[in-house]
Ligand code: ADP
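A single chain, nothing else alongside it, follows as structure tokens in the form predicted on its own.
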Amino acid sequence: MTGGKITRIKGVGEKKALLFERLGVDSVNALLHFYPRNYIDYSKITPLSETVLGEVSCVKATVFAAPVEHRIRKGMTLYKFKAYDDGTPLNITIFNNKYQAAKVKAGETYIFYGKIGGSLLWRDMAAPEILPVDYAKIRPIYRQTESLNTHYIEKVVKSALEKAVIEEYLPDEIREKYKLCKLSEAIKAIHFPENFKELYKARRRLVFDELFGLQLGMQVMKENRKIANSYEITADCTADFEKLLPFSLTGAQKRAINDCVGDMKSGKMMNRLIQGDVGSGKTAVAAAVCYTAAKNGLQAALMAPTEILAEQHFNSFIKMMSGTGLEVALLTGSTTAKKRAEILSRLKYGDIDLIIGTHAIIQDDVEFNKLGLVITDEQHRFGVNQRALLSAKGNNPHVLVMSATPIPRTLALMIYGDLDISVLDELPPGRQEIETFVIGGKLHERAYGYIRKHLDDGLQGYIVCPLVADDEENENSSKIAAENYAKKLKNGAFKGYSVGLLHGKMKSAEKEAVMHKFASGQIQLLISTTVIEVGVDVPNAVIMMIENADMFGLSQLHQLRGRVGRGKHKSTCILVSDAEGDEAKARLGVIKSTTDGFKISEEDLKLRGPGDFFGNRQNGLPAFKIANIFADIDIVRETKNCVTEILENDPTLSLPKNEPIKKEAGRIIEKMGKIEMN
């Protein structure tokens, strides 16, 4: 019994089942994989004389006399007694538990587990756990919810394990090679280990399973997507494209372009991620790939999350494609009806080689003549369905996605395991180093003066706030909100300057209008929330101040900082924080010391963990129940090697010994909500 509802377990009714659901447990199988969050080791006995006041300890002591009842008031009865451990007295109090008190016998020795109180000469415990002297066990501690405490959960898990039939899916040869215990042994020992050696073996097996299953599912998905493609590229036109550029491509850009063209020439559908730091040159890579696709008679489409970003790409592509004879068009929500109709007609009949736009290019009436390449920029800003709609406008077109969020390679391989990955780890020559300072709030006026100096020189700047409006600010008066702050600065430190306001609660058209004004130089200083984290390049913007910088994640701070330093001028980022905590200071110290997005993301991931790294789980990565990709990095490598070896020897998992593995891969893929196995 591992399948079925949790109500199949004796003693679990519908009310208890609803409480279990709050903990994410909706079946017997889910219960067996509801691992303890901690353990109590009752075998580790501390002599009373060595216990520390205020700490929880496990002690062994002999009862001097039976508990004495003390009625304090109606509804409150205490039972008090003394126990000794080699002369050190232990005063014990039991609250309102006549049954427990009756079991305590004079002259008997027990194990007492609880918080230590008392003084130098004596110790006391209030409401301790009282266990037989031979109870030298490791006890599980589970996450709890109302009316569902850890002891009850422990009892239910025991009942489930008594009848559970846990099927093994890993062949003996794999278990032997990687020194793994059986799955049934691991499940039992993770809940009720005899000792910590057994617990370690159980955890290792379950971590292996979790990472193995995820990587196997990703690899199978990748293979399923490598379908034959009718849009095979025969000519690599990269060399011709490079001649069009007024600058030289970096080695990383050349490698990424070569990866993409190689995919498209393979006869299989390309599914590739271009991952690069802020300013690493992803646009030039995308343009080179589009150029080769177009010169091979295919149409390409690039979808960006905002109009301003789409326009920026359009202007860049127009410059790069000048004189090539290729037709590039822009389609957004702001495109006039007349212009839109003209674009749709030319697109349908193949007169447009490359269309750049927002969600406007996935509308039902947008038709292509021969769509062979689709690109999504800042792919995490789009839903799976939106990306699928764009691909559906062609016959399994090549797919390229781009992300400016640097991710440690270990995590990238797990999140984007179904995609091939190219990393842009070099910055183009001429990219300005951004000088970063960390200051306290008392230096605001000096910082304002420094910003004014840049504005007076005809340059522009940003001030970023963590909140939007007053109602948020009132929750914590130390947090600065953008709306009030903009009014204050317009009438104070930046009176006479052109100050704009941008935040996420504004309508899309309002945001676009503000960004256009800033990009064109009409706004000198932009007060904004994090909506500018991924945005338009404004080479004239050279200074940024981030208020309450300790409230942001490291990767987010790096993305924000990347809005400056995009032109020829030296750029500065000022982080304002009055945080006193060591962790906050250390985090800001990381940002100050490096502009390497990959190093920063590594630190961010260590601090926040993979679950919170992206926010709202937009990455599609299942939550780890027991694995930790940093603590378990060796197992990450082992499972990757194991999956690679299995699929090299049996790509379709059709061998009898791999049938259980194929079933496991299907379960993982279904759980991820992506595709089913063929």
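Throughout, we count residues from 1 along the sequence that is shown. Between two forms, the rigid core is defined as the largest C-alpha subset superposing within 1.5 Å. Being a predicted model, the structure only gives us computed values, none of them experimental.
A second form of this protein, the form predicted in complex with this ligand, is not displayed here; the remarks below concern that form.
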Subject >> Thr250, Ser577, Gln460, Ser555 - the one with a heavy atom within 4.5 Å of this ligand in the predicted bound form >> reply: Thr250
Original post:
Exactly one of Pro140, Gly394, Gly279, Pro305 has a non-hydrogen atom within 4.5 Å of this ligand in the predicted bound form; which residue is it?
Top reply: Gly279
Original post:
Counting only heavy atoms and a 4.5 Å cutoff, which of 104 to 112, 421 to 429, 292 to 300, 337 to 345 contacts this ligand in the predicted bound form?
Top reply: 421 to 429
Subject >> is_contact(Arg566, this ligand) in the predicted bound form, heavy atom dist at most 4.5 Å >> reply: yes
Original post:
Is there a heavy atom of Ser601 lying 4.5 Å or less from a heavy atom of this ligand in the predicted bound form?
Top reply: no
Original post:
Does any heavy atom of Asp537 come within 4.5 Å of a heavy atom of this ligand in the predicted bound form?
Top reply: yes
Original post:
Can Thr283 be called a contact residue for this ligand in the predicted bound form at 4.5 Å between heavy atoms?
Top reply: yes
Original post:
Any CA movement of 2 Å or more for Tyr142 between the shown form and the other one, core superposed?
Top reply: no
Subject >> Per-residue C-alpha change between the shown form and the other one, Gly281, threshold 2 Å, rigid core fit >> reply: yes
**OP:** With both forms fitted on the core, give yes or no for whether the Cα of Phe598 moves by 2 angstroms or more between the shown form and the other one.
**Re:** no
